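Next up: just one chain, as structure tokens, the form predicted on its own.
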């Protein structure tokens, strides 16, 4: 039989996985790499990536910028830009393990930095907004430079390849974090390239996504009115900026943000108790352009927790399980059983129902 690999579009492809310790216990990135192996066929080698939280305790007070560079001239231009705005305490190449499967990698560097007080005073914004504006300028004004991670005490590691290969490439077994998320990509409408792999991150928010955002153009046009720029050639990028806008700028709760992006149908809202109906009606009325349509399952990572969310029709699979203080989330039960054979309380959340896990206060 003739192989059709690479000739057919598989919109249900992609795999997501995550593990988090409620107690804030730091664990190697190896477990989340192993969870991706049973879901190998959901990917096609065009994108894999991970986000780890709590991995930079010695630099916890500094923003950790991870960047791709086309060449060293681009790197020097970018560094000059950063030095005008930040106190850089460490700049280095991110250690990687060269592998024959991973080719055409860009220069991959990281910078631990704090905004200069003079720069903050000049712009009259807080440090988080300052970092967001810096990232948008770098990604739009310096060709060949892409910031793909910029949070505190966390980092994204991604590239072109299968996720288990990308995990080895970045030597994630040498990092320890209280939370890990992972993604294996089967690009549907967008190209597979280093910047376009998941997770997508802004500040400490990171998103991995399985599915397709048919509302991308409407979502993008709205969010770009507020200074965000979608430059990474994939629909998922807009989700990260939307959640930053709702959670950080609009100060919505996680539950409220979920009710915007995966809003219940009006007929469902009409059946809710009066107080809940009022809140849901307000959110749908005020943020109609941030409703995400199309099939999706996403995992949002943030400092101190995770949120998992399906589209309201639950057109993509996602399961949750627990073992002691650990919570596991994945596209398939097999991914969880690979690293926690005796995990308990296995469940599949309803469409539009957020699953929110938080680390014990002060543990991270």
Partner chain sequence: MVINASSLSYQALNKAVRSAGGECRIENCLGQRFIGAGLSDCRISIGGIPGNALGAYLNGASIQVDGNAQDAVGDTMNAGTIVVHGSVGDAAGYAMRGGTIYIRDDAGYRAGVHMKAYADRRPVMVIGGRAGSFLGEYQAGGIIVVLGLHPGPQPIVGNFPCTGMHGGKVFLRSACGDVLFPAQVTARPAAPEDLEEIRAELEAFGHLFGENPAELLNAPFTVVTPDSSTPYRQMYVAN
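All values derive from a computational prediction rather than experimental measurement. Numbering follows the first chain given and starts at 1.
Beyond what is shown, the protein has a form predicted together with its partner chain; the following relates to that form.
Colleague: From the list 320, 27, 338, 46, which entry has a heavy atom within 4.5 Å of its partner chain in the predicted bound form?
Modeller: Checked against the cut-off, the match is 338.
Colleague: Evaluate residue 42 for contact with its partner chain in the predicted bound form, applying a 4.5 angstroms cut-off between non-hydrogen atoms, and reply yes or no.
Modeller: Judged by the heavy-atom cut-off of 4.5 Å, residue 42 is in contact with its partner chain in the predicted bound form.
Colleague: So, residue 31 and its partner chain: in the predicted bound form, are they within 4.5 Å at any heavy atom pair?
Modeller: Judged by the heavy-atom cut-off of 4.5 Å, residue 31 is well away from its partner chain in the predicted bound form.
Colleague: Looking at the partner-bound form in the predicted bound form, is residue 354 within 4.5 Å of its partner chain by any heavy atom?
Modeller: No, residue 354 is distant from the partner.
Colleague: Counting only non-hydrogen atoms and a 4.5 angstroms cut-off, does residue 267 reach its partner chain in the predicted bound form?
Modeller: Output for residue 267 is yes: heavy atoms within 4.5 Å of its partner chain.
Colleague: Decide if the three candidate residues 168, 183 and 218 all line its partner chain in the predicted bound form, where lining means a heavy atom within 4.5 Å.
Modeller: Negative, none of the three is within 4.5 Å.
Colleague: Of these, 56-64, 308-316, 321-329, 293-301, which stretch puts a heavy atom within 4.5 angstroms of its partner chain in the predicted bound form?
Modeller: Residues of 308-316 come within 4.5 Å of the partner.
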